[in-house]
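Before any questions on binding or motion, here is one chain by itself as structure tokens, the form predicted alone.
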């Protein structure tokens, strides 16, 4: 038996430990483009210099030795021969497998904007190469424009602002962080960003990148006609799965490699996990990418267990959860940030500088935002993820729910929610 894992981030690393729990003997080979193990959650800190690449490593120094993994780094995969069970690499290697995990993650999505693909000094922020490229450019730059004000875009803005660049955020939604927050919670962050001299354009679209004769970035043009001077552009408009090497592989793909609850793909003995795959998300019940770090770890563990002969399935695959702390203001959100229609009721509380919002339908929580005081927010995430009824609670308790409200004792004496 030989296991091959493509990718060395959260899902791939998690799969290794799961395999070794069931199979201490057989061979594990990991192939990755990366030459270092690092957390992509810490890329903004690497840009600012608050953390070194070595410090962003999230595994022990002896991980590969301890788990007896042959790591082939700095190597890309060009093709998978599913009939012969062979992985082909960009340096001519052909590596056979009995069980294969694809955990190649995702890259920044570049929208079709005029000159976006041609200009120099234009970067995404998804991997360590992006971060190091930004650091290299930022030394000589004074003005940066960030396209997209989701969490990646805002964190990039903070990092470049910290390096002394004049930063402008451009977002096509009505407020920043549109997938994570509502207008009120986002507005509090917009004020803080403005106080730190970060400019924000919302309800705006970048239509063209202006370049000089050497393809250097000079300006960014918006749909409204506004022209923003720029030396550096960061693109933070979403992700696309790293599946280019699967062009001629008969594997089911739709916004990612489609997997079932065991992380199995449409091809026997081939699994996928993390940002490269599309799975049934718990909150929406739709097959979609779930690109958050905790789910990559969980999916990797499930894939590794099943690759080694176990029988493990996903139970909760809840991607609608976010947490952030910007300028000392903490926020946690779950599920919807706005009520989808009039069948939902919205409850809001402002208290001692904190903002809290709940969205409920038929006694079930479908959305929660806690900003400022986030104590006790975790139970709301669990109630939303598992669609647990709160009908038994009086309305005055809505903002003071605790785990104790949902303990029930079973006939065998054990507690359950």
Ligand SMILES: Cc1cc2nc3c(=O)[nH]c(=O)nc-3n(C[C@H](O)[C@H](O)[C@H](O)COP(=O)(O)OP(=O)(O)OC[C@H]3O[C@@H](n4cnc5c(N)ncnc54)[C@H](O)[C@@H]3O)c2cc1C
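Numbering follows the first chain given and starts at 1. Just so it is clear, the model here is predicted, and its values are computed rather than measured.
Not on display, but discussed next: the form predicted together with the ligand.
Put simply, residue 44 is close to the ligand in the predicted complex: some heavy atom of it is within 4.5 Å.
Residue contact with the ligand in the predicted complex: residue 371 places no heavy atom within 4.5 Å of it. Although the partner is absent here, residue 105 is a contact residue: one of its heavy atoms lies within 4.5 angstroms of the ligand in the predicted complex. Mapping the unseen interface onto this chain, residue 273 counts among the residues with a heavy atom inside 4.5 Å of the ligand in the predicted complex. The contact residue chosen from 125, 147, 185, 230 relative to the ligand in the predicted complex is 125, the criterion being a non-hydrogen atom within 4.5 angstroms. Checking 133, 82, 75, 180 for any heavy atom within 4.5 Å of the ligand in the predicted complex turns up a single hit: 75.
Figure note: of the listed segments 253-261, 97-105, 163-171, 217-225, the one touching the ligand in the predicted complex, with heavy atoms no more than 4.5 Å away, is 97-105. Contacts of stretch 171-194 with the ligand in the predicted complex, defined by any heavy atom lying within 4.5 Å, are made by none of its residues.
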